[in-house]
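First, one chain by itself: the form predicted on its own, in structure tokens.
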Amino acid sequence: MAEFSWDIRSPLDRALVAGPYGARGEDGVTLIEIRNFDLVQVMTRRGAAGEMAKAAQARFGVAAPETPKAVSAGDATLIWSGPDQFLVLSKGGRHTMEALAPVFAGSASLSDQSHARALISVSGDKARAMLAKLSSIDLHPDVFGVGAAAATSMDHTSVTLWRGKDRNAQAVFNVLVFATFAESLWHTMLDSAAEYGVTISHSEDLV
């Protein structure tokens, strides 16, 4: 019998080339792919919203988002992904689907999305200008502040977008995209950011 082994790779493994890209002497956009994270979709079961909310509060110490926003829970981020559903993003294996299954037993259905999505962090002086080419979401800081989130599309690709904590006094936007569309969206981002100059890298940390 043939033996098989699974080599789990980033969906951007072939496309991402670390270093500078686009206009030289500029550093308007920073693109960082975040790798090896845990991501679980939590979908409330019919009539169990109250029970699910209590379970989430007990587990994470914060209320699950009921509107488009991302909430920090210390070692996890809860991200609104649609009515009565949210994503749990974490590292280190504490909040895997197996770990969360008994927490939400009877109140929510869970789906492991850890290897089904790619996570891209976008920052820099020209981050908003680049993203404005790809999405109709108003990313002005007065409208889309830290913690704001949206289930939207970029270049005809469904994504979950949220604004993280500022880094080096600059806004940070996080984009979750389905793995099958990740490489296409990545090249579109590079094309859109090239005129501003791009710094490309990947990280094991949730930045």
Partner chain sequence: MRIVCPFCGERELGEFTYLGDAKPQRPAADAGEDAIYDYVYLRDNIAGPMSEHWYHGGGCRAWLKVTRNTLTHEISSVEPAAGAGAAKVGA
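Not measured: the values here are computed from a predicted model. Numbering follows the first chain given and starts at 1.
This protein has a second form, the form predicted in complex with its partner chain, left out of what is shown; the following refers to that one.
The partner is absent here, but in the predicted complex a heavy atom of Ser158, alone among Gln170, Asn36, Ser158, Gln57, sits within 4.5 Å of its partner chain.
Proximity to its partner chain in the predicted complex, taken as a non-hydrogen atom within 4.5 angstroms, holds for one residue of Gly93, Gly106, Pro83, Gly74, which is Pro83.
When contacts are defined as a non-hydrogen atom within 4.5 Å, none of Ala101, Lys165 and Asn174 contacts its partner chain in the predicted complex. For Val146, no non-hydrogen atom is located within 4.5 Å of its partner chain in the predicted complex, even though that partner is not displayed.
Ile137 belongs to the set of residues with a heavy atom inside 4.5 Å of its partner chain in the predicted complex. In the predicted complex, its partner chain sits beyond 4.5 Å of every heavy atom of Ala53. Although the partner is absent here, Gly28 is not a contact residue: none of its heavy atoms lies within 4.5 angstroms of its partner chain in the predicted complex. Shown without its partner, the chain has Gln41, Thr44, Arg45, Arg46, Gly47, Ala48, Ala49 in segment 32-61 as residues with a non-hydrogen atom within 4.5 angstroms of its partner chain in the predicted complex.
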